[in-house]
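Single chain ahead, written as structure tokens, the form predicted alone.
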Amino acid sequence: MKIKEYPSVGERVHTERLDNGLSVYVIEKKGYNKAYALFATKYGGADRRFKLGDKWYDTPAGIAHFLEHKMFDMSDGSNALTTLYAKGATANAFTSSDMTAYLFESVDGFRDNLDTLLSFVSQPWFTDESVSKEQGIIGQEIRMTEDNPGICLYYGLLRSLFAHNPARDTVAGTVESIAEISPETLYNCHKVFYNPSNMALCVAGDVDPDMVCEAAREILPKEPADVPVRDYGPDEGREPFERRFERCMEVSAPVFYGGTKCVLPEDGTLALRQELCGDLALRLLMGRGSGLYSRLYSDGLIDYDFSAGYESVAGVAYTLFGGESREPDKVCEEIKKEILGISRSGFGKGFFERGKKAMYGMKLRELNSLDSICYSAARGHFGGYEPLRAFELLESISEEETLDFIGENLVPDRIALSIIRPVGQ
């Protein structure tokens, strides 16, 4: 295996690309009692239209999430999640707009648990009866999310920002879309997206890297396969699709999200740099140490849960800020004024450097979290960058670059707003 050293943060990563196309990452954590494994595929809720060979395929909304639920079924009638728990592991899975991942952590029996993980994810087992049953279960889950203010608020913003990109739709799909799913559809999608060439195995802990590769070689398919081309729709541009989304639901006080669209660089390292720059800009502009946050909090316009950040998914990127507020429109107007003011005057050298150091320290603390390290490794692999380069990139970001990000991506007239108000307000 190749070994990459990151001496500035004391990290060491073993990497290897197997003959079947699987990329393996083992992050050394000498002396740790627990070990963590994440087996991920570049396949999420937004990957509904794709090209394989010369043919385009369209699949129902929610199928990636549905497939994640069904992958725990094993041909002997057992459930892989139960098997892992019985072996002393804590296991789970998740589906986002552009990734599905299966994971576990354990103190003992890591190789045995790793074998189970690799086996059930690579060996699907679906029946008409089990699929029909799952349609009922996920259908109930979808109905519950429709009544969830937080989910409604978030997707209200994404649907306001994006006209075409499927990231604007919930990962679970709709009751109608999942009704189209059959065992054959699931097998076909598993064959296309769960091939090792489209996947990454990320492990963190005091684990033998060669043992991890040995397990993957023994259990997974031996040959590589073609990776599909995704279609996320036409270019979105910079303007939001709609300026405002508003709904009344069962909440005690209004909650809101504001945000803007950003152009996502095609180069992975440039995309990582923009993410760091975006997060830093938002931290300085409206984070808890900022003057704006202090004023809004003192005036009772926001509470402690107000937050802001930069996100990228399925070929697009966006900024997001918000929380609970009795006057969301007033908060948004104050944010617009602050953007214009900071664009003219800057942050001030001392404040900028303190903010950058605070962000560096936060990222340094994340290196103690095995799940965070593995998730970052998978995300970096699929995004075409090295996550641990974030530290050197962050150090090189200047105040001017941060202000340029604000000027290009936080244009006040391009802010979309999503608001959930209490029923009857």
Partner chain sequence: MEVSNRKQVLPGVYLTCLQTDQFKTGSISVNMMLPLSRADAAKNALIPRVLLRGTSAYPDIESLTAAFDELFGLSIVPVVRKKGEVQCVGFYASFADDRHVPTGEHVLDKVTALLAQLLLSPATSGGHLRGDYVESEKQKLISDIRSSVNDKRAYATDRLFELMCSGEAYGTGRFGTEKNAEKITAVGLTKHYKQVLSTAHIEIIYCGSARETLVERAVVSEFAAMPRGQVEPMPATQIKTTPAKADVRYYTDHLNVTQGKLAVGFRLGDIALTNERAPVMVANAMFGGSVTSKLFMNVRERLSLCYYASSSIDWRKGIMLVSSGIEFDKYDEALSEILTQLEAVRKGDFTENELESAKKYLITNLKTVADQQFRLDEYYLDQTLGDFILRPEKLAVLVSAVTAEDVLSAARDIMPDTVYFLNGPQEDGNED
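Numbering follows the first chain given and starts at 1. Owing to the predicted nature of the structure, the values given are computational and were not obtained by experimental measurement.
The following text describes the form predicted in complex with the partner chain, which does not appear among the structures shown.
Visitor: Among 226-234, 184-192, 288-296, 152-160, which stretch sits within 4.5 Å of the partner chain in the predicted bound form, heavy atoms only?
Guide: Stretch 288-296 is the one.
Visitor: So in the predicted bound form, does Lys55 come within 4.5 Å of the partner chain, heavy atom to heavy atom?
Guide: So Lys55 does not count as contacting the partner chain.
Visitor: Mark Lys337 yes when one of its heavy atoms lies within 4.5 Å of a heavy atom of the partner chain in the predicted bound form, and no otherwise.
Guide: Contact check for Lys337: no, nothing within 4.5 Å of the partner chain in the predicted bound form.
Visitor: Does Glu250 reach the partner chain in the predicted bound form, with heavy atoms at most 4.5 Å apart?
Guide: Contact check for Glu250: yes, within 4.5 Å of the partner chain in the predicted bound form.
Visitor: Taking the partner chain as it sits in the predicted bound form, is Arg48 in contact with it (heavy atom to heavy atom, 4.5 Å or less)?
Guide: No, Arg48 is distant from the partner.
Visitor: Would you mind picking the one in Gly346, Gly309, Gly88, Gly268 that has a heavy atom within 4.5 Å of the partner chain in the predicted bound form?
Guide: None of the other options qualify; the answer is Gly88.
Visitor: Looking at Glu176, Asp303, Asp206, Glu333 here, can you tell me which has any non-hydrogen atom within 4.5 angstroms of the partner chain in the predicted bound form?
Guide: That would be Asp303.
Visitor: Pick out the residues of 359-376 whose heavy atoms come within 4.5 Å of the partner chain in the predicted bound form.
Guide: Counting only heavy atoms within 4.5 Å of the partner chain in the predicted bound form, the contacting residues of 359-376 are Tyr360, Gly361, Leu364, Arg365, Leu367, Asn368.
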